[in-house]
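In the block that follows, a single chain appears as structure tokens, in the form predicted alone.
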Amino acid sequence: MRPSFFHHLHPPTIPAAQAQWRYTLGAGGIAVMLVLVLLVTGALEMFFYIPTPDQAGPSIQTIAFLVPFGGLVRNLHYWAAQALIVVAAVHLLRVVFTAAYVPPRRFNYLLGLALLVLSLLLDFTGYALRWDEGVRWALVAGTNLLKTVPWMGGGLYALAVGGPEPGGATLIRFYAWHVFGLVLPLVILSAWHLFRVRRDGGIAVPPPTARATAERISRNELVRREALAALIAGVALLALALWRAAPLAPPITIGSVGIAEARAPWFLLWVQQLLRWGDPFWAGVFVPLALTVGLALIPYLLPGPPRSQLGRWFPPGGRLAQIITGAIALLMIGLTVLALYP
């Protein structure tokens, strides 16, 4: 069979041991599929969504209840966004726990981390576009954190909100960031990330002399496996979208719900829990930024394992990076649980 464009994105052959699902988890390919779903469903929603405070909520209700298949499209968009964060985080953990960040893959590791951050920002801005009582914490507390940044907090707040308090200018700015300012970098970095995977030699594997078997699979077989994983993930996403509707609450009105009673989106619950204990700047800005920078520096500051240990989970030479990353993940999960069940 003559190779297609998608086949040429892969090396001609790769070791069979590192092509197994239990090693890759299929997270990279599933993330690409979710991004495509988000782009298509987001474009469809743009035909009906109106980014003004008085029309945002009603336009979403129009999409959900009046537009043919609009509710399904909205549900697919919402759940694909939540799944993308989970899948991207799992992919990052897999890279660290298999030491797939060692040279020449250090820069691509940074690209992957940047894509995770962009996914979080996209989810946050998309979350705020609902402009209902369910997003009050994210809108008010999230933007107020910008004020706590030393020297530049006021300017950052004005840039994000567009006025003394959240309003119509805030919504249109979030809409612009969500549709253009974040999607374009996401697409560019995703393409760059995929290019670097091929440029850096494909998946991380040990040298031929250290491999247990010389068996390899063709890129035709690899594409088939990726397509099967995407199909299974797509069916699961469709089933979830049919079973569970995306959240929808009454539009924001002054004095309707206190900010103390509101809750952050699930991926920021750990930050909300930190804010209950400490200073807003240190708990809501410094700690998340420090954790992100710490993860970014792992390939540059911590020693990586020798090539002979690559191609398997938890190589001994990368133990320190595994412990640090695992501790950060457990910290976030623990704080999230505390926020859910105070």
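Model, not experiment: these values are computed from the prediction. Quick note: we count residues from 1 along the sequence shown, nothing fancier.
The discussion below concerns the form predicted together with protoporphyrin IX containing FE, not included here.
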Name the stretch: of 154-162, 202-210, 128-136, 243-251, exactly one has residues whose heavy atoms fall within 4.5 Å of protoporphyrin IX containing FE in the predicted complex. 202-210
Could you check which residue among 237, 171, 179, 113 gets a heavy atom within 4.5 Å of protoporphyrin IX containing FE in the predicted complex? 113
If the cut-off is 4.5 angstroms on heavy atoms, which of these, 229, 76, 92, 83, is the one near protoporphyrin IX containing FE in the predicted complex? 92
Should residue 27 be counted as a contact of protoporphyrin IX containing FE in the predicted complex, where contact means heavy atoms within 4.5 Å? yes
Residue-level question: is residue 193 within 4.5 Å of protoporphyrin IX containing FE in the predicted complex, judged on heavy atoms? yes
Against protoporphyrin IX containing FE in the predicted complex, would residue 122 count as a contact residue? Criterion: heavy atoms within 4.5 Å. no
is_contact(residue 32, protoporphyrin IX containing FE) in the predicted complex, heavy atom dist at most 4.5 Å: yes
